[in-house]
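Next comes just one chain, in structure tokens: the form predicted on its own.
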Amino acid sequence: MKVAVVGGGPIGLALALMLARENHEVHLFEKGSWPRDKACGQGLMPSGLKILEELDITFKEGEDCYSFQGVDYIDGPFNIHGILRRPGVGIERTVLSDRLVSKCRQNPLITLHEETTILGISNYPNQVELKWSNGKERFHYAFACDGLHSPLRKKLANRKVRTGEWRMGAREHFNVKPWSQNVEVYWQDGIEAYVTPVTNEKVEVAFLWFEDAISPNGPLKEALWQRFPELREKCPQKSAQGDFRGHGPFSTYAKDILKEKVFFVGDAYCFLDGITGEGLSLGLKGAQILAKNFTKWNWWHALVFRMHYFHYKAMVRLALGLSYNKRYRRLLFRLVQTAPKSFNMILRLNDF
């Protein structure tokens, strides 16, 4: 079959490779150029790393990635420590993008359309037509991997607006040696800071917060760092790479997985906060399900796809509830400290 993938982030590129492995002719459309960057957490959990390894995507430890063993949650004087079933990796999004696009360029079944924006989409019997500035073409199916604010989701009237308060995100890199073999998550009321080592000489700090947790007045960057003075000491401003970037709000998601011969996957389907790297791992799992089953898609495949998201959503809602309630959060910390292996089990269940 001839299929189109719209969006050249990690999920779109990985999906293109998966579809080519199933002997489909793949056209991938990316409105920008590669390598792609994004303001996001840069941890990749073991399940996501395993999928990339199956695609023959490899990294050099210490040079372009950093293996982490687990996750530490830190709330003032309280600390809980969890070990994963197998190591995950911290990796800059541009490095991951470069590895994936290089592999796609080597595949004769994949055609990459760089700096190409999809302007229109039309449906025909058993086909979908995509239009761009200097061409149009029909495909048996299309896959929307075009991100958090997915234009295809909007064009096909397949979006819903989240109820409740919206979340925001930002990130910055620092040229400092990692001080921990784990990802560290620092909690403040309504705000979290995620520290992920990405090489032997660099760490990323990503922030997630509820909109009303930060005053709209004044510089955003300073407002975030003021909440984490102990982390500021470990990441002095002189070591910053000067790449502070924000992203959000995380306000919409897709109503349906499949709409008019177009499948939605990754952030185009649904964005979820995670402990670290679950968003990317979840998108890769969804891509894997679609690549193997889209030609015979039925209620069972849709249920399996949705169950992955339901599992993560339950964990995320618990974490977000604790984010705003210091009393319950610290009670949980005390309980976990009395049975440390329980947190290991939670981490491993969260990355099946």
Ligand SMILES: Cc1cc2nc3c(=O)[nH]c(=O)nc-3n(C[C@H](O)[C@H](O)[C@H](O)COP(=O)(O)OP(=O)(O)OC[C@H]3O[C@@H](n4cnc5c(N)ncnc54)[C@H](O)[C@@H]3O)c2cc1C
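Fair warning: this is a prediction, and the values are worked out from it, not measured in the lab. Numbers follow the displayed sequence, beginning with 1.
Omitted from view is the form predicted in complex with this ligand, to which the following refers.
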For this ligand in the predicted bound form, the stretch among 75 to 83, 263 to 271, 104 to 112, 224 to 232 with residues bearing a heavy atom within 4.5 Å is 263 to 271
Answer key: of 141, 186, 174, 250, within 4.5 Å of this ligand in the predicted bound form (heavy atoms) is 250
Does residue 190 make contact with this ligand in the predicted bound form, using a 4.5 Å heavy atom cut-off? no
Using a 4.5 Å heavy atom cut-off, state whether residue 147 contacts this ligand in the predicted bound form.
yes
* Just to confirm, residue 38 within 4.5 Å of this ligand in the predicted bound form by heavy atoms? -> yes
ask   = Though only this chain appears here, would residue 278 touch this ligand in the predicted bound form if you measure heavy atom gaps against 4.5 Å?
value = yes
When this ligand is considered in the predicted bound form, the residues of 173 to 211 having a heavy atom within 4.5 Å of it are 207, 208
